[in-house]
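Quick setup: one chain, the form predicted on its own, written in structure tokens, and binding and motion questions come after.
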């Protein structure tokens, strides 16, 4: 088995979930190395694998790829038959833009609503910046579903890297009981119902 994916704790590591989910959807066997986060030796253990000192890291023979989105892009090229990007050029461009926005944005949501798939802690009052982030995400989900989602329950119909990138947000919706449109709620449920997502959450200890 040539593929190894080094990840952080399944309970907390949103950036690890993204490429793990994409890799699962290729149906390709891989070795998984899970490193416990928030421990005194976490940094040292990660540095044994990853030159960046962060997770996730994908190893494919001599190739090492770090950064969640870069790993997903590599998997799309390595396993084209998995269809990790939409086939249509326009849809593919929008999917990449959505992934880039998730990759670089929504800092208040990340700060105030960290991923924790083992708890449910509804927010009595949603901070203004978080509400703005979440409103943008819900709008983005609606736009993608309405424009490109006719062939299935995901943002672009079939599962794509865009769904992997937003999967941790779907868990946050449940954890913090963040309000969603009807379209957003259906999409959240579709992501959480994925067998691979359920496997991740179960392994996290939920």
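Residue numbers count along the first chain shown, from 1. Being a predicted model, the structure only gives us computed values, none of them experimental.
Absent from the display: the form predicted together with a small molecule. The rest refers to it.
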Contact assignment for the small molecule in the predicted complex, among 58, 162, 55, 144, heavy atom within 4.5 Å: 55
The small molecule: the contacting residue among 180, 140, 170, 46 in the predicted complex [heavy atom, 4.5 Å]: 46
Non-hydrogen atom within 4.5 Å of the small molecule in the predicted complex for each of 4, 24 and 84: no
Partner proximity in the predicted complex: residue 67 to the small molecule, non-hydrogen atom cutoff 4.5 Å: yes
Residue 136, heavy atom within 4.5 angstroms of the small molecule in the predicted complex: no
Exercise: residue 103 in contact with the small molecule in the predicted complex, heavy atom 4.5 Å: yes
